[in-house]
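So this first bit is one chain, no partners, the form predicted alone, shown in structure tokens.
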């Protein structure tokens, strides 16, 4: 099978470019495809009896293109596909056959084949409005920005194609452009006064604004069972993260139309999101048992089957759910960070959550993706649905690629801000706060600035703040999402620096009153959005402008340092590495420079300068586990166990699973530093890591309990150690000391 996604992109490129058009082939028109469309029109109008009779009549037609529609309409999908295959051979130059066959594949959850067939139809007739509209709808589900261009092209090719205007209205509202959505929906209604999807979009706009609406009454007066109206309302509310309200609309959809399986699918998925798995399963199984075998439904049910492999641990105000294979390792670390984050945010935002917090941690990234979207393939590492947070476990990613604590604090910030704003905060603002909060915990947290962002700074590729939400929802290129996170984070850094946290809180409360981004900026910052954009650009330039301007020189120095190290020319490697580092703020580029510098210094035998270089590496968000372990070793050799412990603590945030020695060594440092509570957590993690010497791990636990003045717990741990290794002399000695009464002065 060809790469359907690539084919779709190439086809769009052909459509929108000014290249010479290929010679148009003449389609064979030996059947009346309008007969099939009339059947579907009757079904959409809610006349199921007449529609069924119409589809049955198609089964007697001589054309396989029409009998395929008859089978499709009566639910015999395999027969429909077989007849469409015949029709392809009989009418190879008819784009309509390919479009309809593609839409059948789409209805049966095979998007790749749908893209392939519809793209082929547009190769036959590149200006076919039906084909352009079909492809636009397919691409819109992946939030592909090209969908709007295709829908517009379809509307221009056929001014009477009101469905293209409906799609343009949908896409605009998905992009939070209510004015454009209203404009296109009204154009659709001007063409077709009974354009129900257009009415649903107009009604949703008013619901999103918390205004009364008459559009749903108008829709139901035309078609009383049009549950799709409420489905679309739920869809738009989900995009605005207003999950509870969306669930209410999905319930209305299935109440009107019980067999609207896409609505049951979304009802189930969103019940999962807010922590109601029992009802979610009921809805998803109902959809599945009625042949709605979408990837979202199938994957969600499989994920729910795996819940038996997780353990839940209660904490004050909520619970954390961890996979059994790593629960005992991660539990103390997650408990500590959740408690610390809750204390911080309650004080900073001056609020408490009105529901228990639930944190779910997935060691399989695809399970997390399914939990989040119903589909695998999500690039994010965490998501917040308000009080419910789902995220990757550190074991879901390669060590060094993922900082789980930074993600946890990011998502917990969302939990507070979403609730505080009544789920009305714009995406750019809540993402900006969360990115800002990561680096408030530690300057080493958060994502280091990548080269692509530095290039964007140099080229001034930032969206106006009033349009910044679109960079998250419908990016125009693959890099725009990351750039939007960076821009939003910088925006909140700037606001906090110049106006303070109280202003941030006041802005959140204004969003809760349904004020827009321009209104909130003008009210609280006393700036127009355009003035805000200019000041933000100056702020970003002051931080990263030098690195952006000298990016070529930095890369050249890095290349030179790497080559010199390979050639064992350590003096030159040191010189080039320092040339890459000196005077520049911490970015992703610099981590490599510090590693090269440290390795070259070690090769020359200068451990002290190597230690300092690796300290700077860690402060610049360097996260390679081996480099951090080397730093800990150098710190210990230099006599600084506090700094050695700090180096290994960084590894706890990056790669804590499957490394017994990390937890053991960290526990020993903490005992030496007279921090027995932290030592205890580390030794429990060592024991949970299935150590080579479990007796030694229990002995370490006992030492921590002794330091915490918990002799009974210490004795229990020593008994465990001696049961495993009866001749273990250090354990025997410590047990004897505990059992011997201490003399009184």
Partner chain sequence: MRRFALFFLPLPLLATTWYVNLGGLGGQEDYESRFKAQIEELNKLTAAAPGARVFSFAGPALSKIKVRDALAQIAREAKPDDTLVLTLIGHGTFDGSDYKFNIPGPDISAKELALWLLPVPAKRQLVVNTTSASGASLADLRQEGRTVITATKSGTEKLATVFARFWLEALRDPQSDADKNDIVSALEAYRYADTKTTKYFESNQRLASEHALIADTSSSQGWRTPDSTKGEAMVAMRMPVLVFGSLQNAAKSPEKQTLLRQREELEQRIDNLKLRKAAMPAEQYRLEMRNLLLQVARVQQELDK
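Residue numbers count along the first chain shown, from 1. Just so you know, these numbers come straight off a predicted model, no measurement behind them.
Keep in mind that the form predicted in complex with its partner chain is not shown, yet the notes after this line are about it.
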Site test, 658, 664 and 722 vs its partner chain in the predicted bound form, non-hydrogen atom cutoff 4.5 Å: yes
Interface residue in the predicted bound form among 524, 397, 76, 546, criterion: non-hydrogen atom within 4.5 angstroms of its partner chain: 397
Listed residue that, although its partner chain is not shown, lies within 4.5 Å of it in the predicted bound form (heavy atoms), from 681, 695, 51, 66: 695
Which of 57 to 65, 701 to 709, 685 to 693, 38 to 46 lines the interface with its partner chain in the predicted bound form (heavy atom within 4.5 Å): 685 to 693
Sequence-ordered list of residues in 610 to 643 near its partner chain in the predicted bound form, where near means a heavy atom within 4.5 Å: none
